[in-house]
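This document opens with one chain alone, in structure tokens, the form predicted on its own.
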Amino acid sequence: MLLFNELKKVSDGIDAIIQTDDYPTKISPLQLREAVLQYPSNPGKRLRPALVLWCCGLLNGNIEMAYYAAAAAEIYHNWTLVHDDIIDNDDLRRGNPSTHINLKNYAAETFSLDTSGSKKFGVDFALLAGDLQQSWALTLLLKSTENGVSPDVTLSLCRDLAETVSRELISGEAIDVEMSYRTINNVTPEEVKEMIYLKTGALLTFCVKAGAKIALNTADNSDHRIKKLSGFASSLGIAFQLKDDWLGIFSDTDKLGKSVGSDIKASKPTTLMLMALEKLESAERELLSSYLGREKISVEDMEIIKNLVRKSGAEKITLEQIKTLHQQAENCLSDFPDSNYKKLLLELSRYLVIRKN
């Protein structure tokens, strides 16, 4: 399949930068350095770097000039995962122990710490690893000048990432955390969708804008082509997160690479769950509500949850919303001339809404 062949090429290029860049080599102690490299070194889809490179190519830019920006997007994404796994108490990431759990296990074995002590070590070091990954991302972005990107464009990209994306993404994460402490009937679907854009759409929008700005050699965000691509990323980001919420209930741990039901354990008010609770009859609503915030949810519990969400009609509505958002995203690309890069972006958008993990 063309998409996966091209994603492999993107991944190879990003891997080469991650493996050869000197930033991690100066991190100490060794365990912190390894924690910084853990997620970036694991094989991933590299979807965000692909958006940077293919949007650059869509506008007839030289994609080789965009590789440092693409690598920066990947590293930046990884620090958000490290911190998100701590906040969500997720033990798995891409089928392996999450960073803070890996560090917890290391501390228990190396320092003979009890559960409480090793857990604190794991969280402390994972937070530091995420902080360094954010710094590494900005350092990579600054290296874009070495690939021929003008200082003005490079500076504008750094400002976009450090100012707009960080503010929006972290605000979105904070809203997400804050909502989990509210009673679920006091959270609206509109609030959740705004949070989704901030958490997911902000970085995807940066990716498409970065590729476009490098191709057009402009620091101006108001170009109509950049606005079209931003609309593409915004719709795709919300569709991506809605699909993530669906997978969090209807996938399984082996396919997903992380614990299914973690949002339910954290009592997170996803739009899927809000709709299900709104549409179920009283007794079934109480039953579904009873699972929210539970420390442990069994396989049998998940089957009950799945059946309740399906019965409410929330699953069907969510899948229809994903389809509509996907169409909106594709419409944003309609004015761009046909090219291999346009085809790849369209294939990528389709993949993100039909994926199983």
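Don't overthink the numbering: it's just position in the shown sequence, from 1. Computed from a prediction, not measured in an experiment: that's the story for all the values here.
There is another form of this protein, the form predicted together with another copy of the chain, and it is not shown here; the text below is about that form.
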Inset, instruction - Give a yes or no for Gln328: in the model of the complex, does one of its heavy atoms lie within 4.5 Å of a heavy atom belonging to another copy of the chain? - result: no
Legend entry - in the model of the complex, Gly117 touching another copy of the chain (heavy atom, 4.5 Å): yes
Legend entry - Proximity of Asn60 to another copy of the chain in the model of the complex, heavy atoms at 4.5 Å: no
Legend entry - Any non-hydrogen atom of Leu287 within 4.5 angstroms of another copy of the chain in the model of the complex: no
Legend entry - Full three-residue contact with another copy of the chain in the model of the complex, heavy atom 4.5 Å, for Ile27, Asp124 and Ser135: yes
Legend entry - Candidate stretches 77-85, 243-251, 273-281, 216-224, one within 4.5 Å of another copy of the chain in the model of the complex by heavy atom: 77-85
Legend entry - One residue of Ala266, Ile170, Leu92, Ile184 in contact with another copy of the chain, assessed in the model of the complex (non-hydrogen atom, 4.5 angstroms): Ile170
Legend entry - in the model of the complex, the residue from Ser235, Thr154, Ser262, Asn102 that sits within 4.5 Å of another copy of the chain by heavy atoms: Thr154
Legend entry - Partner contacts in the model of the complex for 274-310 (non-hydrogen atom within 4.5 angstroms of another copy of the chain): none
